[in-house]
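Quick heads-up: it's one chain on its own, the form predicted on its own, in structure tokens.
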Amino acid sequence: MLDAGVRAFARSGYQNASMDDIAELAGVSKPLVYLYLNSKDELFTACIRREAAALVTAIRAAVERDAPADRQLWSGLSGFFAHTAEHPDGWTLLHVQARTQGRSFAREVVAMRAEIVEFVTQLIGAAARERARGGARARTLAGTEVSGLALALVGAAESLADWTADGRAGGPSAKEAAATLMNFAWAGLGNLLQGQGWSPERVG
């Protein structure tokens, strides 16, 4: 039933998806849907929670724990893009439908995003510490800098995921999307740690 719910909500939208349609997709009777899930809202919430948990699990499982910091970040991003590309309905449910159908649903996605941001913050913090140990010129990043970089990275990944998940011919693969973001983020992080951050005073 949850598979059918995710598909119906992602493709038709919350307002247009009916319990009759979901029951038909699931191959069960409408009363059976209501037996397990009391309302359309409850079904929508259950779908959001399942897809959110699956995405977070995929990211955590993809990270190569004993690898260098850049490899850990790369593998986590690859896991994120691979999951969203393989589950486009789940991604649409989370990134489009759940955010626009009221606060109670949006809160579920906010909680998932906060968990991902915290995890990425830990990865970036570990990367910064590793690079700082490797060079005398490297500086230590402030906590606000690490948090800001994590938020920016997650936001960029979400935008790229829309690109990889929509199935357009010629779009990037999950690994290509991860490489694009790593080239953008890792080079910038390296410059920042070397004290070469951008400032308006450096502009002509």
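Residues carry their position along the shown sequence, with the first being 1. On a predicted model such as this, the values are computed, not experimentally measured, just so you know.
Below, we turn to the form predicted in complex with the DNA, even though it does not appear here.
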> If you check 67, 152, 61, 28 against the DNA in the model of the complex, which one has a heavy atom within 4.5 Å?
Replying inline: 28
>> Although the partner isn't part of this model, could you tell me whether residue 185 comes within 4.5 Å of the DNA in the model of the complex, counting any heavy atom of the residue?
In response: no
> Looking in the model of the complex, any heavy atom of residue 10 within 4.5 Å of the DNA?
Replying inline: no
> Taking 4.5 angstroms as the cut-off for heavy atoms, does residue 159 touch the DNA in the model of the complex?
Replying inline: no
>> With the partner left out here, check for me: in the model of the complex, does some heavy atom of residue 19 sit within 4.5 Å of the DNA?
In response: yes
> Just one of 37 to 45, 143 to 151, 53 to 61, 175 to 183 has heavy atoms within 4.5 Å of the DNA in the model of the complex; which?
Replying inline: 37 to 45
